[in-house]
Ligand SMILES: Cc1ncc(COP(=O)(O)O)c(C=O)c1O
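Single chain ahead, by itself, as structure tokens, in the form predicted on its own.
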């Protein structure tokens, strides 16, 4: 944790029914194409600047926008003919066979279904606090107990403490890397060693929703553990770096037996424009690199404002920054809202900390001005 150097994914759909409802909206959302990374900046629209959902403010790849627009006249068709091609492309990208891949309505559906699948055993799931709770909440609803391990003083995962909590009652371990809401990342050698040891006892779920926004994706991804045959699941999403949050596209890479079990509990389907947009996104590597640079520039600029005011913050590796406000988050949120900026919800027990998503340069200019006013008050 940095003291003037560095101390959420938004609250996801809480039930499969809600996730399926989102499918009916996705085609209409696709028509609202956000500006591409190289597009001319547009003025901030009237109304509050929303920096609470960890969305990609730069929009999808131009190739994805074009591909989805071409497909609009065929939205009356199911995506069943295209989905196998996406699974094939994802498997090739991740270096696994197709039976390792489960496509979902965002990675949220993977988290939800995984939690239901394992939660039926009514054991325990180990995770960190504060952290992202969709998978663990699903297990809890099925009768399992959540064992929360506090983050360390740098707001990073305490892997040793988590390992010590594994018992015969443990049915899963969940790690979000980078963590939401802190944005911190686990040193890869430590995470690899922890996951290998833990996976000998229980399934390990590593949520990499934000990892592609980090400085060194290839060095930090744990997908190699799946290829090596460990009982590890890695989740990814097209909602963050790829800018397809409205299309609800994600996937998991996992042992084939786990994938088979999850598919039996999934009762929905990914949507046509989401599949088309995801396929086109995979064909545009220049977009990924350009967008990652823009997100990092936004993080660095936000950190500079926090440093001006001597604020502690977590070392960020996602598309958001988590920092100490010095006042209760409810009061801080109200003050920022008065300055036309909406920030993320509270994350107990750190109720004087705030998560702000990286927006467009125009949005961040509004945010920086609001922060300078509120933090100086």
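Positions refer to the first chain, counted from 1. The shown structure was predicted, so the numbers you read here are calculated from the model rather than taken from an experiment.
One more form of this protein, predicted in complex with this ligand, exists but is not displayed; see below.
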Tell me the stretch among 208 to 216, 89 to 97, 291 to 299, 259 to 267 that has any heavy atom within 4.5 angstroms of this ligand in the predicted complex. 208 to 216
Quick one: does residue 132 come within 4.5 Å of this ligand in the predicted complex, counting heavy atoms only? yes
Does any heavy atom of residue 107 come within 4.5 Å of a heavy atom of this ligand in the predicted complex? yes
For residue 117, is any heavy atom within 4.5 Å of this ligand in the predicted complex, or not? no
Is residue 242 one of the residues lying within 4.5 Å of this ligand in the predicted complex, judged by heavy atom distances? no
Out of 144, 113, 180, 281, which one falls within 4.5 Å of this ligand in the predicted complex, going by heavy atoms? 180
Name the residue from 271, 184, 237, 127 that puts a heavy atom within 4.5 Å of this ligand in the predicted complex. 237
Taking heavy atoms and a 4.5 Å limit, what residues of 64 to 93 are near this ligand in the predicted complex? none
